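Here's a solo chain for you in structure tokens, the form predicted alone.
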Amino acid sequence: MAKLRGTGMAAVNYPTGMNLGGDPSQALVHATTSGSFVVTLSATDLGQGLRTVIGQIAAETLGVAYDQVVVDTADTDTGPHDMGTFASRATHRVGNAVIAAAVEARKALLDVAAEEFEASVDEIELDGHGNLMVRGVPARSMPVAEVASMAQFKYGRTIAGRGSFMKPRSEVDPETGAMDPDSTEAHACTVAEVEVDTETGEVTVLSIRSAYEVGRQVNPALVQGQITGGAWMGMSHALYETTAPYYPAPDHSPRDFSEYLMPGPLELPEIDCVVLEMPSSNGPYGVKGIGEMTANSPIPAIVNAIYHATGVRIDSLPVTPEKILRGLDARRP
């Protein structure tokens, strides 16, 4: 008996969004009397950091500081329409809708400032730090909060904007089968190294190293977190997770989450990644989707590494010690 090492590779081409007859996202942006801006969405932050990146996109478009933006999500009864948080679509499609809404709100803000300064709208600019000013005349400036208050109490106006992003439906060409099913595509390649104990069938994942092409990174720390979390999820799907190990028989199925097998901190391998930025032509500031794809390529990379180590090709998940031992037995003369 021995411990055998192997290396496996897998690549993924991952679409952002889906072709669902439009698949729209909408957003509302309005200024409060305190000068902050509220972004109202029905899109949901599932823990992937949507509120953070949408706040960054809104702040960049409005020309204000990040802490002047409040993102209000997930009230589908009163918020603008959104198809949902799935298909790694949220940052791309919601971000585009937020940019459109923020541009409209910014125009309303500049209109009031121009009237107050008695200047042309083209001469008014935001300095990115919460102030409006006449271009080239720093002395003629005013905090956004003050202009927002004036808009409501002096001019009787609302500083607000509406935005929507919809990918038009792409029908299938009956002759060629060609269609355009998504908004943009991200790419990744993963290399996994494993060690397989031929006596017990146990697999130890030693390292997971990946290269990701994700368009522009709005928040690199969140991208890194998603890649690390996705590597863990991919490893878990490849080697541990199953609700029915002897499906369709219920034998040995976990009765609750205390019996649902997943890797713990001691099982975590070395996780490393390189991120390449190739901005999307239609994403907000060049964004593509990254969320779900981070758990994709680690799975076949690990399975391929097991094959490289043992010569056993397994085509069902999870790859349990039992399957490996049966495969090794089948290879013996």
Partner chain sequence: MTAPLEVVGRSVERSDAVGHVTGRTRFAADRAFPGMLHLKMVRSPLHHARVRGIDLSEAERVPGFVRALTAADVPHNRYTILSLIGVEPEEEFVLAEDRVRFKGEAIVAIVAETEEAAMEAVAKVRLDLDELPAVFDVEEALKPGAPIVTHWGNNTFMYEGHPCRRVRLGDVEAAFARADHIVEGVYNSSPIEHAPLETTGCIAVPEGGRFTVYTNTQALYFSLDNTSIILQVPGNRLHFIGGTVGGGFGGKVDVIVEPIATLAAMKTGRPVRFVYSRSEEMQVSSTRSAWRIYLKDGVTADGRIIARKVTSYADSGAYSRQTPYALTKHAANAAGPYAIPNVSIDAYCVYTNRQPTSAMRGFGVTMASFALEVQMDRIAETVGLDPWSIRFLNAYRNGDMKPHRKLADDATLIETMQAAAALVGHELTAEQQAMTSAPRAGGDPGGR
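Throughout, rigid core stands for the largest set of C-alpha atoms superposing within 1.5 Å between the two forms. Being a predicted model, the structure only gives us computed values, none of them experimental. Residue numbers count along the first chain shown, from 1.
We do not show the form predicted together with its partner chain, though everything after this point is about it.
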**Asked** Using 4.5 Å between non-hydrogen atoms, is Val38 touching its partner chain in the predicted bound form?
**Response** no
**Message:** Check Ala221 for me: does it contact its partner chain in the predicted bound form (non-hydrogen atoms, 4.5 angstroms)?
**Reply:** yes
**Asked** With a 4.5 Å heavy atom cut-off, would you call His81 a contact of its partner chain in the predicted bound form?
**Response** yes
**Request:** Answer yes if any heavy atom of Thr200 is within 4.5 Å of a heavy atom of its partner chain in the predicted bound form; otherwise answer no.
**Result:** no
**Request:** Tell me the stretch among 111-119, 230-238, 154-162, 140-148 that has any heavy atom within 4.5 angstroms of its partner chain in the predicted bound form.
**Result:** 230-238
**Message:** To verify the annotation, which of these, Met133, Cys189, Met166, Leu206, has a non-hydrogen atom within 4.5 Å of its partner chain in the predicted bound form?
**Reply:** Cys189
**Asked** Does any residue in 45-70 get within 4.5 Å of its partner chain in the predicted bound form, counting heavy atoms only, and if so which ones?
**Response** Asp45, Leu46, Gly47, Gln48, Gly49, Arg51, Thr52, Gln56, Ile57, Ala59, Glu60, Val64, Tyr66
**Message:** Once the core is superposed between the shown form and the other one, does Pro254 show a C-alpha displacement of at least 2 Å?
**Reply:** yes
**Item:** Rigid-core frame, C-alpha of Glu171, shift of 2 angstroms or more between the shown form and the other one
**Value:** yes
